[in-house]
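Shown below, as structure tokens, is a lone chain in the form predicted on its own; questions about how it binds or moves come after it.
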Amino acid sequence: MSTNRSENSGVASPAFSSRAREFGKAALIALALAAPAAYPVWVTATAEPPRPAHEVLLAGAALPPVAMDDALVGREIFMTTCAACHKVDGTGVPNLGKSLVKSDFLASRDDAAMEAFLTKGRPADDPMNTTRIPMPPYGGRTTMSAGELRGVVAFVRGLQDPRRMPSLPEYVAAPTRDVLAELPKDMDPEEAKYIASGQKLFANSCVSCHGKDAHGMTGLGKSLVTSEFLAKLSDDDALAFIKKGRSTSDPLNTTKVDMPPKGGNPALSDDDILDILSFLRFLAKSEAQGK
């Protein structure tokens, strides 16, 4: 019986396949000899793209656990300094701070490099700053000690790889040590109580964008001491404004930086916010009087 050639028309003979492979090899060798630069370009173009650094980190064996003391110190500083922009779980606030959990930048740098980065911060014009939102040195808390800086890096390592995070007790905010204003001794005790509470809450929730003296951070948050907008609002209206926040789509948002609801701290109660307002009004009144 004769063979139907059409049935085998798409199948190359072993001899032909062998000759084709040899020809391909020879062509590649000739290309490399004629244009040496073409080979690495070809290899690069056909190579698999590298995996994101944070994915590589999680795919490998866990690094040593974070020390409990460092994690506790770092959590306190993170919650009172970094969470306003990066959220309490480190996943980031849209249009403000990136996710630290999925940060390739963090995953690809050692602790010393990260401490140096936090010390310096990242201005808005840094080519690697894709949000165009400046990150101030020390996240705005310039009083941060070396131990606290080390703790922040350690705590963020635990956020990025939970396998490294020790089992921490429930978080309770510690009293702030950043005292901005001394209250008059003859002030009404109840008013003094509200202002003192507001001062602590401000230092633990607002300093990252508005500065520890409430005079603002360039490119982030405006001065709340000299703010005509705040001065014209009643306490009730100011409370409603802070609870809502101000997005970049608001025509009155001239910084073009999102202000998240409650300044990024969802734990703030209405009374907490009113205490902060009492503190800010006290600062504004004191500055107006030249004190």
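Not measured: the values here are computed from a predicted model. For the two forms, the rigid core is made up of the largest set of C-alpha atoms that agree within 1.5 Å on superposition. Heads up: residue numbers just count along the shown sequence, starting at 1.
Another form exists, predicted in complex with heme C; not displayed. Remarks below refer to it.
Note to self: in the model of the complex, does every one of 84, 128 and 139 come within 4.5 Å of heme C, counting any heavy atom?
What the structure shows: Result yes, every residue of the spot touches heme C.
Check: Might residue 276 be said to contact heme C in the model of the complex, defining contact as any heavy atom within 4.5 Å?
Finding: Flag for residue 276 set to yes.
Item checked: heme C contact in the model of the complex: residue 171, any heavy atom under 4.5 Å -> No, residue 171 sits far enough from heme C in the model of the complex that none of its heavy atoms falls within 4.5 Å.
Notebook entry, point to check: Would residue 98 count as a contact of heme C in the model of the complex, using a 4.5 angstroms cut-off between non-hydrogen atoms?
Noted result: Contact check for residue 98: yes, within 4.5 Å of heme C in the model of the complex.
Check: Should residue 249 be counted as a contact of heme C in the model of the complex, where contact means heavy atoms within 4.5 Å?
Finding: Residue 249: no, not in contact with heme C in the model of the complex.
Notebook entry, point to check: With heme C left out of view, which of 165, 144, 196, 73 would have a heavy atom within 4.5 Å of it in the model of the complex?
Noted result: Here the answer is residue option 144.
Check: If you look in the model of the complex, which residues in 108-138 sit within 4.5 Å of heme C (heavy atoms)?
Finding: Heavy-atom contacts within 4.5 Å come from 114, 117, 118, 122, 128, 129, 130, 131, 132, 133, 134, 135, 136, 138.
Next item on the list: Using a rigid core alignment, state whether the CA of residue 262 is displaced by 2 Å or more between this form and the one not shown.
Entry: The answer is yes, as the C-alpha of residue 262 shifts between this form and the one not shown by 2 Å or more after core alignment.
Notebook entry, point to check: Once you line up the core, how about residue 240: does its CA shift reach 2 Å between this form and the one not shown?
Noted result: Shift of 2 Å or more: yes.
Note to self: Once the core is aligned, does residue 252 move its Cα by at least 2 Å between this form and the one not shown?
What the structure shows: Comparing forms between this form and the one not shown, the residue 252 CA shifts at least 2 Å.
Checklist line | CA-CA separation of residue 84 and residue 269, closer or farther in the model of the complex than in the form shown [shift of 3 angstroms or more] | finding: Farther is correct, given that in the model of the complex the C-alpha spacing of residue 269 to residue 84 is increased by at least 3 Å.
Next item on the list: Can you tell whether residue 168 sits closer to or farther from residue 207 in the model of the complex than it does here, judged by CA atoms, where the change is 3 Å or more?
Entry: Those two alpha carbons end up closer in the model of the complex.
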